[in-house]
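Single chain ahead, by itself, as structure tokens, in the form predicted on its own.
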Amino acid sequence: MGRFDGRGAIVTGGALGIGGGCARIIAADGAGVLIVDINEESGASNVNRIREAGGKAEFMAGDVAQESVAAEMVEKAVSTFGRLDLLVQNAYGGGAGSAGSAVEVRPEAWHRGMDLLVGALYLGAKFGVPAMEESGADPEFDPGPWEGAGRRHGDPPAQNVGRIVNISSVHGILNSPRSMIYEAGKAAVIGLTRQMAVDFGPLGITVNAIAPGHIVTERGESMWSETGNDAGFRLFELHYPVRRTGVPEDIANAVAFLCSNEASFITGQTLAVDGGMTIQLQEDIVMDTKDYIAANPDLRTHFDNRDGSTSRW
């Protein structure tokens, strides 16, 4: 039996990348998964991949920053799987004009970015939480007797009614220049997660966030192939104590744990799944990087400009 047998899940941005990996891992553990994404072709492909592996999945096309789409995805998940238990909120796609400082970013780009990064998570919870309440506790959950050292009295609290996992980023913890929308949005995801944890904990719903490091997704593979080289990729690996960058399954496995009954006493937390990148003293990284670049002057990364320049200022 899988950890999520009989449970219904939604994964936004579940066509590719981190969301795609989350959808596959959760489905492999028994949940029925609704993938919501604007990329119809890739979304349908991931659904087929899940079904071919014996899992249950459906696809819905839509922009989760729109209220009508958020409401519809919850209705579809409940009508398809009979209940809603898990909500993984991952969808985001930069868009034109998203780079820059407060001076450079246009107001319309700011509002659109915040709608996707933060507003969509608010909408997902707005419609998802009542559906989780109505669905009730995980049908496989047996809380056992409510006792312990004679100190527990009254009715037991609700447990394992629902799980929400919001995807933030190490960019929500550490900041990069001229990336105001993404940095501010991912930091806001952490604050939003903590607020939701306080609000929904009494309902038996936990809310946590994941802060991924450098995850090589399908799009990342393409960017590295177009612009980077092996020496440049090794430079990124050397920034991680585990000496490798991540893959979608690294994040998906952490998400699955936070969605499990074993994680019922964890809420309001931001788990950095980053190979240890954010725990290091920056001076040491700079010196190690200097030495590596000096030894590999022809390295290129996927962040480099196509004209050969490397400036990011």
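Since we're looking at a predicted model, the values are computed, not measured. The first residue of the shown sequence is 1; numbering continues from there.
The discussion below concerns the form predicted together with a small molecule, not included here.
Asker: Out of Arg234, Arg178, His111, Arg219, which one falls within 4.5 Å of the small molecule in the model of the complex, going by heavy atoms?
Answerer: Selected option: Arg219.
Asker: By the heavy atom within 4.5 Å rule, which residue out of Phe200, Tyr182, Phe81, Phe127 makes contact with the small molecule in the model of the complex?
Answerer: After the contact test, the surviving option is Tyr182.
Asker: Indicate whether His214 is a 4.5 Å heavy atom neighbour of the small molecule in the model of the complex.
Answerer: His214 belongs to the contact set for the small molecule.
Asker: Hey, in the model of the complex, is Asp250 touching the small molecule, heavy atoms inside 4.5 Å?
Answerer: Judged by the heavy-atom cut-off of 4.5 Å, Asp250 is well away from the small molecule in the model of the complex.
Asker: Going by a heavy atom distance of 4.5 Å, is Leu16 a contact of the small molecule in the model of the complex?
Answerer: Contact with the small molecule, yes.
Asker: May I ask you to state whether Val64 is within 4.5 Å of the small molecule in the model of the complex, using heavy atom distances?
Answerer: Val64 belongs to the contact set for the small molecule.
Asker: Counting any heavy atom within 4.5 Å as contact, can you tell me which stretch out of 281-289, 48-56, 261-269, 34-42 lines the small molecule in the model of the complex?
Answerer: Flagged stretch: 34-42.
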